[in-house]
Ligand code: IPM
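Below you will find one chain, with nothing else, as structure tokens; this is the form predicted alone, and questions on how it binds or moves follow later.
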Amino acid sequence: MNDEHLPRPMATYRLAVLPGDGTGREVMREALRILSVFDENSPASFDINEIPCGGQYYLETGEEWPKGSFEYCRDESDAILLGAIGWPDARLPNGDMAGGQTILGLRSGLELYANVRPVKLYAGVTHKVHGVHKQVWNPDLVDIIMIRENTEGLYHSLLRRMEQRALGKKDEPIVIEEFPGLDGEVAWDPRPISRDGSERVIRFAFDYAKHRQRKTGASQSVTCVDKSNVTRGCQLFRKIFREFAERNPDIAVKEAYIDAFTMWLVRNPEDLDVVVLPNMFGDIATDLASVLQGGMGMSASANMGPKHMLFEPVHGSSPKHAGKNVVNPIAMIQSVQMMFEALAFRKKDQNLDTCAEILQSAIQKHFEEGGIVTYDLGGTASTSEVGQAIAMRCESMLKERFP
């Protein structure tokens, strides 16, 4: 009997889909379009539960998301897709951003300790380092994985507050300290960096470099970026990095202070492979790195934990562009690709790994062959037009691979 006529083995993945606010809702429509194509034309199947959330939902209902949403994401989903959170004037009584318990509560409550942001320049995509659309580097020279610690540092207190809200508990009390030499009103945020938190994200970075080395056949380095010449938390982070460097002699290591690193990042991106950073420095440096790949509209991310994972574009809700169907959906679509890849790795699903490769190839070929682009890349196409173009490429490639 011809194996080609046998039923395709099916794997169903439960996805929590959180469109969120503003343009997050628009790019999520394109993510769902892509998922539909793979659901219909590949062995993978997706059970999608769309959950309203965010600042706009809060203004409409007085809730940041429906009750039980956190528990569903924690207990019933294989992966989470998020559009964007944040809307003008949507604030909680304590001044926190309405909708924060969605992304920040999940980040803390699900221990999503590693924020993974690829920085890759595709052939045909112009970057904006010089303030105009101009391509200087060979695209092959911009291919970095930046890994940011995601649960500690300056965001720790806010993350804990959002986690408590998501679980329906009261905020933990804030301990007030005195700061000798400072007079008048003082606002402050603690910046805790722990051994456990540092070890797990640094281990993740070295494991990622090894995985990349095996997959590509190219030697990889891990660069530690901090401010260990000044701050105690970073001194602990650097100390632990050096411990892991000794245990991984097959991986080259580099070290940098954050201020000098920002210069090296835009001057010599080809010198970087995997980069690991504490929370706040990672937040800033990854946004800077986005200009190397064409801007925030190209910037996807994964938030990885021991048991859970959340994927999102990093461009935010962009209220001024909301409702216009003009923003770049590639960061959202690339986040779906990262989800395919991560699920395939964790579930040992070769078919889904093939889907990840097909989606990556569709994105790459779209730019290489001069496909339509949105305003941020110098084009005039709409969000939905770009999403549809990528979806059509995927459908054609899937029919060839899974006839």
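Just so we're clear, the structure is a prediction, and the values are computed from it rather than from any experiment. Sequential numbering from 1, following the sequence displayed.
Another form, the form predicted in complex with 3-isopropylmalic acid, is not on view; read the next lines as being about it.
Student: Consider Tyr155 of the chain shown here, and say whether it contacts 3-isopropylmalic acid in the predicted complex, taking contact as heavy atoms within 4.5 Å.
Tutor: Yes, Tyr155 lies within 4.5 Å of 3-isopropylmalic acid in the predicted complex.
Student: I'd like to know if Asp283 sits close to 3-isopropylmalic acid in the predicted complex, meaning any non-hydrogen atom pair within 4.5 angstroms.
Tutor: Flag for Asp283 set to yes.
Student: Is there any non-hydrogen atom of Leu104 lying within 4.5 Å of 3-isopropylmalic acid in the predicted complex?
Tutor: The answer is yes: Leu104 has a heavy atom within 4.5 Å of 3-isopropylmalic acid.
Student: Might Leu121 be said to contact 3-isopropylmalic acid in the predicted complex, defining contact as any heavy atom within 4.5 Å?
Tutor: Outside the cut-off, so no.
Student: Only one of these stretches, 71 to 79, 95 to 103, 246 to 254, 328 to 336, has heavy atoms within 4.5 Å of 3-isopropylmalic acid in the predicted complex; which one is it?
Tutor: Heavy atoms within 4.5 Å of 3-isopropylmalic acid in the predicted complex occur in 95 to 103.
Student: Tell me, which of Arg238, Arg117, His127, His308 has a heavy atom within 4.5 angstroms of 3-isopropylmalic acid in the predicted complex?
Tutor: Spelling it out, the residue with a heavy atom inside the cut-off is Arg117.
Student: Within 66 to 91, which residues come within 4.5 Å of 3-isopropylmalic acid in the predicted complex, counting heavy atoms only?
Tutor: Only a single residue, Ile85, comes within 4.5 Å of the partner.
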